[in-house]
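The form predicted on its own is given below as one chain in structure tokens.
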Amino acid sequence: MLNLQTTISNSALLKKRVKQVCLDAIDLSDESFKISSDNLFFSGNKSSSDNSLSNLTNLSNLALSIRLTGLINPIVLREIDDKYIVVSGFKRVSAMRSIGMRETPASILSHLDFDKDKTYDFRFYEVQSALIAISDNAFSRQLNVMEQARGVRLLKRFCSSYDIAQNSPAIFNVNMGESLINMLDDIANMPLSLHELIESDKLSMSSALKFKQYGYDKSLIESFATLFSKIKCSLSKQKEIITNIHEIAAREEISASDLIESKEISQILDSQSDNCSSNVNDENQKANLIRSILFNRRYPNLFKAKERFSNNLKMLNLNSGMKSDIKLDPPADFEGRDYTITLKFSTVEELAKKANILSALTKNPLFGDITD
């Protein structure tokens, strides 16, 4: 393992020479040092020979900026045979190609004592490239989870989690504990379908890490990816869905994939609601319907108890004069005998009226049915 502090201190050994590089000689398909998760608006391998201002509307803001002011921050490359790979500047290269530029100034990394036969030199060269790739992004904006995970994966090949955590402010522009470094490393090694869910905010890092305990079966991951790509819910609800699916599958001796792809769940995922004003609301509604189905299937007796309580409470509200400011709650998960009544009042007279309502409740047969 390399010591990051020593590597950073010896960064002067890594020299950069600036030269003009033909854009066609840059291999964008090699993403060894790609950290950014930005989806480019344009293709990195296409160029435009039409330089008219009317086409500027089809370019990204970055391409427009380069067109008007030139390249402010040179890209960083590594030379391999007759080609170059990008260490920092994937988006800048794509932007320049999109407006028809032929060449660009670039910083070319080289090591004075670099020798492919010397393991230490090779590792030093790799880590320094990784540090440049990470810090170039981290000190221009806050990295998202997957960008941090990619950075950690680059460094973990040569450095310990403890070492990365200790030097994280100088690398990631934020303090990161060793446990977080290990979690990010786990995330980086997950299937790409989960990466896409995390980047699109469909799945939290914490929820994704639950898959570690169930393994990374490809078909199972793809089934979950399809599920979470079509719904939207909070962290706690994501974990609830993942846990219930696995527990139902284990109890019923079926695969979790078969459960996710069952008719009752597929119909919800593929349905289009006419009652929702936006896709976000539609995704939330689908999530709640699926949670209800899974809860019913995982806890059938508890589901029936909650349904019975809800129906009786509605009837009680209609027949007893209870209002929204008098609330009756059952025992948690109906385990125990303690019910809770919450009421709101602003005057003594109002409290007296509600006390009469509560007194009448004790004689109401529906109230007895609920508490029994």
Partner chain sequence: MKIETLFIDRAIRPCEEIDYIIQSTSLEPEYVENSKVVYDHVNLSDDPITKGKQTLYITENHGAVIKKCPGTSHYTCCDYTILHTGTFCTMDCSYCILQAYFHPPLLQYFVGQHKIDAALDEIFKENKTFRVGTGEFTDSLIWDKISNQPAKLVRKFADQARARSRSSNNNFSILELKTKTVNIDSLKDIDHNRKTVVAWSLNTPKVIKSEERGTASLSARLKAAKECERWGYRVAFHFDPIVIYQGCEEDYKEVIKSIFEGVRVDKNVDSSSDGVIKQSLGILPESIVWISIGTFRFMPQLKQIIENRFPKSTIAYGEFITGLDNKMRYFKPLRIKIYQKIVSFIRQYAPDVLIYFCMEDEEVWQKTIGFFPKKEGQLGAMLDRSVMERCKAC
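What you see is a predicted model; the values in this text were computed from it and never measured. Residue numbers count along the first chain shown, from 1. Rigid core here is just the name for the largest C-alpha set that superposes within 1.5 Å across the two forms.
Heads up, the form predicted together with its partner chain isn't pictured, but that's what we're talking about next.
Out of Lys263, Arg141, Arg251, Arg102, which one falls within 4.5 Å of its partner chain in the model of the complex, going by heavy atoms?
Of the candidates Lys263, Arg141, Arg251, Arg102, Arg251 is the one lying within 4.5 Å of its partner chain in the model of the complex.
Which residue, Met315, Leu64, Leu343, Ala305, has a heavy atom that falls within 4.5 Å of its partner chain in the model of the complex?
The residue from Met315, Leu64, Leu343, Ala305 that makes the contact is Ala305.
With a 4.5 Å heavy atom cut-off, would you call Tyr299 a contact of its partner chain in the model of the complex?
Tyr299: contacts its partner chain in the model of the complex.
Using a 4.5 Å heavy atom cut-off, state whether Asn73 contacts its partner chain in the model of the complex.
Because no heavy atom of Asn73 falls inside 4.5 Å of its partner chain in the model of the complex, the answer is no.
If we define contact as a non-hydrogen atom of the residue within 4.5 angstroms of the partner, is Tyr214 a contact of its partner chain in the model of the complex?
Judged by the heavy-atom cut-off of 4.5 Å, Tyr214 is in contact with its partner chain in the model of the complex.
May I ask you to state whether Glu247 is within 4.5 Å of its partner chain in the model of the complex, using heavy atom distances?
Yes.
Please name which of the stretches 167 to 175, 221 to 229, 206 to 214, 285 to 293 has residues with heavy atoms lying within 4.5 Å of its partner chain in the model of the complex.
That would be 206 to 214.
Could you tell me whether the Cα atom of Asp201 shifts by at least 2 Å between the shown form and the other one after core superposition?
Comparing forms between the shown form and the other one, the Asp201 CA shifts below 2 Å.
Can we say the CA of Arg102 moves by at least 2 Å between the shown form and the other one when the core is superposed?
It does not, since the Arg102 C-alpha is displaced less than 2 Å between the shown form and the other one after the core fit.
If we fit on the core, is the Cα of Glu252 displaced 2 Å or more between the shown form and the other one?
Yes, because once the rigid core is superposed, the C-alpha of Glu252 moves 2 Å or more between the shown form and the other one.
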